[in-house]
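A single chain comes next, written as structure tokens; it is the form predicted alone.
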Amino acid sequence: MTAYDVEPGDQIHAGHPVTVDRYTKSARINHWITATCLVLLALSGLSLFHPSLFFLTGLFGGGQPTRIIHPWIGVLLFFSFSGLFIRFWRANLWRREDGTWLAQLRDVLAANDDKLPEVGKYNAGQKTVFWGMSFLIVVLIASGLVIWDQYFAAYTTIDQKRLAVLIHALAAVVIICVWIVHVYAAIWVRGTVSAMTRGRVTGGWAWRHHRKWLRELVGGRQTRS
């Protein structure tokens, strides 16, 4: 039986060094579309958030075009992330070792990998980001629809719009912070960025950071010479 976090396309390639397929081409494209949408939404949303940031609307052709395009990028983000969710939700289910990993956060930050429990394809930090993003994107799309007057003005009250604006702004600030943590962690753990650009990692990287996943791949004979 295939392990819960071994996904289609995960495969080991014998060689010097050994390499491991971590993300398929379609998964990488899906990820970068989602990432691009998040950046564009952050920039356009911040430009509408406070007058001091209004200059950012110049990136989108001015204030009115920014106001028009922002919600449509949000819709694209929702569907793009939905693709990622369908791909990766099972591998991000919480496991016993994740709680132990999180409790040993000092060892994580100190890179004491030998003291950490073996984890699957994603560690507790990555899973927290995944589920946090999932929740926040649902909150953003739901609150965004409430304040999208061009199409939904007749279906909501002024009080509902005011509450939705507050929720939307708070969720946006939190998701930007989560995104920053995600990017920082990807840069901090050498080899992570190349996994999402090239789709592969070395066997040594997989052994050091996601040993349980590598064992599952070997045990499932997901190997090519």
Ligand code: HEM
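It should be emphasised that the depicted structure is a prediction, and the values quoted were computed from it without experimental measurement. Don't overthink the numbering: it's just position in the shown sequence, from 1.
Absent from the display: the form predicted together with protoporphyrin IX containing FE (HEM). The rest refers to it.
Proximity of Arg22, Leu38 and Asn92 to protoporphyrin IX containing FE (HEM) in the predicted complex is complete: all three residues have a non-hydrogen atom within 4.5 angstroms. Contact between Phe49 and protoporphyrin IX containing FE (HEM) in the predicted complex is not found at the 4.5 Å heavy atom cutoff. Using a 4.5 Å cutoff between non-hydrogen atoms, Phe60 does not count as a contact of protoporphyrin IX containing FE (HEM) in the predicted complex. Within this chain, Thr192 lines the site of protoporphyrin IX containing FE (HEM) in the predicted complex, having a heavy atom no more than 4.5 Å away.
A residue is said to contact a partner when one of its heavy atoms sits within 4.5 Å of a partner heavy atom; Val183 meets this definition for protoporphyrin IX containing FE (HEM) in the predicted complex. Exactly one listed residue, out of Ile141, Met133, Leu116, Leu76, brings a non-hydrogen atom to within 4.5 Å of protoporphyrin IX containing FE (HEM) in the predicted complex: Met133.
Heavy atoms within 4.5 Å of protoporphyrin IX containing FE (HEM) in the predicted complex are found in one stretch of 146 to 154, 80 to 88, 94 to 102, 107 to 115, which is 80 to 88. The partner is not shown here, but in the predicted complex the stretch 104 to 142 reaches within 4.5 angstroms of protoporphyrin IX containing FE (HEM) through a heavy atom at Tyr122, Gln126, Phe130, Met133, Ile137.
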